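The form predicted on its own is given below as one chain in structure tokens.
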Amino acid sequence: MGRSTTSKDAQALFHSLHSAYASTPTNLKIIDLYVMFAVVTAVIQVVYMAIVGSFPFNSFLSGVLSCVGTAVLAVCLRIQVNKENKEFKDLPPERAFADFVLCNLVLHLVIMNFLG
């Protein structure tokens, strides 16, 4: 009896999440895919390091921090571009994207400096 209820609850949860996400604007879905790509790339790098080793540890650290930092900046972009967010209603999307690009530039300059 407990498994049936749990299964129905899980199905109801997935159905409600799917129906809510279906109404999400396309530009936010694209940002979500970018975030997912950055996180998956970081996970692949960690798995590769676990299998092969981390001989140039600075390179491994730079790659993972680049992916994680880019994902965090993309989440910040998503928050600022979202029309339902009342906190950034006066911020134009172009300004948010310019901030995203500038912060990514600074992030990757720091990462390149860390590589040596």
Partner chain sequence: MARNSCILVLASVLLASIASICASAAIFNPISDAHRSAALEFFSPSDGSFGSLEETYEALRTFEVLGIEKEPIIRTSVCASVADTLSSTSSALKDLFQALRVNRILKCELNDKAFAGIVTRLKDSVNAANSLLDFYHSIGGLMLIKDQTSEVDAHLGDADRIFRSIKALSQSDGRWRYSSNNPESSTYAAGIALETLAGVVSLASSEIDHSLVATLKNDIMKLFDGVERYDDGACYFDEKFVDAHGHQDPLSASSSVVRGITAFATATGESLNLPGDKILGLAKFFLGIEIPGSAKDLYHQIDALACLENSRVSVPLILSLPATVLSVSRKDQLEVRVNTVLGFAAPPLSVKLKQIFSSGSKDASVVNQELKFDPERAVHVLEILPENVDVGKYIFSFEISLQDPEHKKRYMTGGRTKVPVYITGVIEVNNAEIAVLDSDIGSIELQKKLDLSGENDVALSANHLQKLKLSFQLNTPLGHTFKPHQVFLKLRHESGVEHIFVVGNSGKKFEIILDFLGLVEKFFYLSGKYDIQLTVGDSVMENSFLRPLGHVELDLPDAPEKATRPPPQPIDPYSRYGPKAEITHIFRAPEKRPPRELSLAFSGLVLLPFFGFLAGLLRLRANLKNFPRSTVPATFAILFHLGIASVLLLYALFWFKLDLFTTLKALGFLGIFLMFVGHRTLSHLASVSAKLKSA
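Numbering follows the first chain given and starts at 1. No experiment lies behind these values; they were computed from the predicted model shown.
Another form, the form predicted in complex with the partner chain, is not on view; read the next lines as being about it.
By the criterion of a heavy atom within 4.5 Å, Val75 is excluded from the residues contacting the partner chain in the predicted bound form. Heavy atoms of Leu65 never reach within 4.5 Å of the partner chain in the predicted bound form, leaving it off the interface. Put simply, Asp9 is far from the partner chain in the predicted bound form: not one heavy atom of it is within 4.5 Å. Put simply, Asn82 is far from the partner chain in the predicted bound form: not one heavy atom of it is within 4.5 Å. Taking the partner from elsewhere, no residue among Ser4, Leu17 and Ala71 has a non-hydrogen atom within 4.5 angstroms of the partner chain in the predicted bound form. Residues from 50 to 70 that approach the partner chain in the predicted bound form with a non-hydrogen atom closer than or equal to 4.5 Å are Ile51, Val52, Phe55, in the order they occur in the chain.
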